[in-house]
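Encoded as structure tokens, the following chain is the form predicted alone, with no partner shown.
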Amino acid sequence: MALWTDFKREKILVDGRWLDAGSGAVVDVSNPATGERLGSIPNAGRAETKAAIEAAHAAFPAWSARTAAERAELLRALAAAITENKDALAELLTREQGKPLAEAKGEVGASAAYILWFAEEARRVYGDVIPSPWADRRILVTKEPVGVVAAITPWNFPSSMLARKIGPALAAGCTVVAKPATQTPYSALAWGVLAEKVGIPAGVINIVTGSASQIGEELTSNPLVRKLTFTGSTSVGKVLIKQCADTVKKVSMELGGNAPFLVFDDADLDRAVEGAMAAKFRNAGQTCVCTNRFYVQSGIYDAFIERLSAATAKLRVGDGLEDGTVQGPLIDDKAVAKVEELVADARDRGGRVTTGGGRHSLGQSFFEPTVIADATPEMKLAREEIFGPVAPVFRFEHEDQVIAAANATEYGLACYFYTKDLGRAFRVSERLKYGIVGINEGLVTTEVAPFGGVKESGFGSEGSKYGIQDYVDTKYVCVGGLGL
């Protein structure tokens, strides 16, 4: 049986070689649950990133020339390798990120699912034959891989976020330079180990760690990179979009969120609370699609607060490697400080903490699962992404009122609502300005459906049949002189 240490690498991967940073500089990586130093990674910069881009560019012709079936076969082998080593990969993930082991196993399983999905989609990148307006010409439309893809991923889902980008890129025939978050680099570097195991050629997947500014500047300015895909904050995404403009790269962005969760009087209350727990407290609230604002209609407001508070108080907080842990730590002390600030502001503005409300007695970066009743639009947490285990609950009276409140944000990634009224289900879903809508469900992400937002939550889709389209260019071919 493989151990988590079998997949831990403390070097970057460039053209099939495991290397240190040219300067020899490193960045330490710690377990957020214990503060224990796990090891270090190279603090690479522009020079190493340029070498990785050139390696990906050199590998592109041979990789893109392989048949879709050949690429699919290697991706299926990669998905199988992930599944076979799920326990070891999950332990590595939990040690560096902190989420409970059960959640880590779920994330690793999702990574395999995305890779398998795109292994199948590799053979379905179809073109068209368009009826020609000229008798002696034929019009063909083909899809071709864009080229070298730069993938920048965050710390909250260090494995599955890469799967969403590496999967479609490789399936389409692209090569990749990946830059993971420095807080959680080992799950990303493990992809290099897995790629080697299944025989993916050198240079097809390259992984660099280190300076976000230097690596990002090279990825966005280098003309050999033809697409950049980014998951992270809206503020950073805007910078990357601007930096990509000079070389007019294809760009896809999965950015911040401010997800509302609406509960109407006619909802199944038990189901709504169950969905609320999944939509809010998964990964300690550190997901871009987790609920940021709960809106509950007056008729069931008090009952919802009571049941949500009781369920939240039962959550077991602890080290993700310990049996029974449901909520792990936040990623670092800075994240805890931000959540503390938001809770304090809510209290100052009349918010009523019904459970939790502060740092956990475990210390480190643990925070108590928290519910805040009597939330108001003036509170910071009504506007800012919380990214922590805090559930503010707002009261509403009418459908029009709550839809206006739910849409009153620059973000538009995910939203959720609960009702038994079929007409309301369609009516409300069509009026909510979000890329993802969950009706009577709090956990809706799957590899078979498109994942992406609107407004300042970004553009482009990950997963589903739509996910591979961001990695191909459309080419029009006119064949003339046919003498017909």
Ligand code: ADP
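Quick caveat: nothing in here was measured; it's all calculated off a predicted structure. When you see a residue number, it is the position in the sequence shown, counting from 1.
The same protein also has a form predicted in complex with the ligand, omitted here; what follows describes it.
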Worksheet item: Taking 4.5 angstroms as the cut-off for heavy atoms, does G127 touch the ligand in the predicted bound form?
Response: no
Worksheet item: Heavy atoms within 4.5 Å of the ligand in the predicted bound form: does S233 have any?
Response: yes
Discussion item. I'd like to know whether P154 contacts the ligand in the predicted bound form, with contact meaning heavy atoms within 4.5 angstroms.
Written reply: yes
Worksheet item: Can you check whether G285 is within 4.5 Å of the ligand in the predicted bound form, heavy atom basis?
Response: no
Worksheet item: Any chance all of A181, A212 and L240 sit within 4.5 Å of the ligand in the predicted bound form, going by non-hydrogen atoms?
Response: yes
Item to complete: Given that the partner is absent here, state which listed stretch (85-93, 141-149, 224-232, 322-330) has heavy atoms within 4.5 Å of the ligand in the predicted bound form.
Response: 224-232
Worksheet item: Taking the ligand in the predicted bound form as the reference, which of G173, G216, P260, G412 has a non-hydrogen atom within 4.5 Å?
Response: G216
